[in-house]
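The chain below stands alone and is given in structure tokens; this is the form predicted alone.
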């Protein structure tokens, strides 16, 4: 007997090569796993169910996958924008004021935002991850996490400036700082990898080539491979990284990583936006997996990530929301729309990167990037029951046209904002329904956030670096 039957549904399964459309379908669940997906009559005829959810003709599809986010930095939402040398001049100075004791609250807020907008799997890349995981566990979402290790200690920023460092150049590396970070990531893996029947997985994260020595990068690779895991690092994010690597090695970021063997199938490369065509071809030929954060990179760097070209070369691309200081939101529907539209604008061609391909980036291909496509990303028998229900009765999805052409996928990518998400389920358990979280008290969380925001505001108000940010200058001028 089925534990749960979701019936009377329009399905997009993402199985096979396309969207996997089934007009009148059903999904059967036993325990945490899907055991049957298909036409309603067929699935209902196979067995009875202990519990039935009538989808009312609404859409059932896999939960969205956010392959790359920095959850705790949500406290600085919208503060690190429209500034040159973004990392050293804006993001770094802001996030150094995030207190470890407050970070789990900020992660909770970022995850709640994503879940309400249809994301069920998060690639969270933040610290202190051991504590942040309490929020992932409490909400019930799926996660592939890493701490993020660098040999740069932003707390030393004033000392670097006294020694001649300027934003946009390579900060000094501190090997002991990096070694401590790697040890913490190994401890994180040992404690959390496989938690709750694989709902939580842990991978390894040297932050970027210019922030980590060659020795530590190779040690990360060795540690990850010994555990059949992956490494997840920022690659060619902005001119700073390429300039620093030329200064240190004579090679730009991607050729440098290739020269030491880090361009490989077990590497997740985030951004790759400051690249030449030859570098993208090189990365694709090495079967690197790409995390594309279109909105973040568009806002903070003013460029379009090469997701279209990478996919055309056979690469696998997933979508990430990155960080709220520069992107303002954790919403994969927003990432789908921007990724498809920016590619068309850049190519001056409305036919490139069609909506169905971008929808796959947000689901099954995103799961492949994070290495969890054995668990999630599509509705198929044997996979975990990670799915969402989306309202088809009103705008932006209505009217639904099915023949002779279907408008479901186009409207998901170009019109849906996440407001139509009626339910989110992970491993067969409902974690969000009717705009309520089943496992946490939203009102209490937001009350705590308001109090913490006041303390964060006081901390950054006393920081002269933050006072020089363009957004602070505009605030003082009264223009914003």
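None of these values were measured; they are calculated from a predicted model. Positions refer to the first chain, counted from 1.
Here the subject shifts to the form predicted together with another copy of the chain, a form of this protein not shown in this document.
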So, in the predicted bound form, is residue 351 in contact with another copy of the chain at a 4.5 angstroms heavy atom limit? yes
How about residue 411: is it within 4.5 Å of another copy of the chain in the predicted bound form, going by heavy atoms? yes
Heavy atom to heavy atom, is residue 415 within 4.5 Å of another copy of the chain in the predicted bound form? yes
Is residue 79 near another copy of the chain? Define near as a heavy atom within 4.5 Å, in the predicted bound form. yes
Hey, of 336-344, 210-218, 184-192, 382-390, which bit sits against another copy of the chain in the predicted bound form at 4.5 Å between non-hydrogen atoms? 336-344
Answer option from 407, 285, 276, 169, heavy atom within 4.5 Å of another copy of the chain in the predicted bound form: 407
Work out which of 423, 449, 427, 59 lies within 4.5 Å of another copy of the chain in the predicted bound form, going by heavy atoms. 449
When you measure heavy atoms, are 75, 398 and 453 every one within 4.5 angstroms of another copy of the chain in the predicted bound form? yes
Residues in 451-467 with any heavy atom within 4.5 Å of another copy of the chain in the predicted bound form: 453, 456, 457, 460, 461, 466
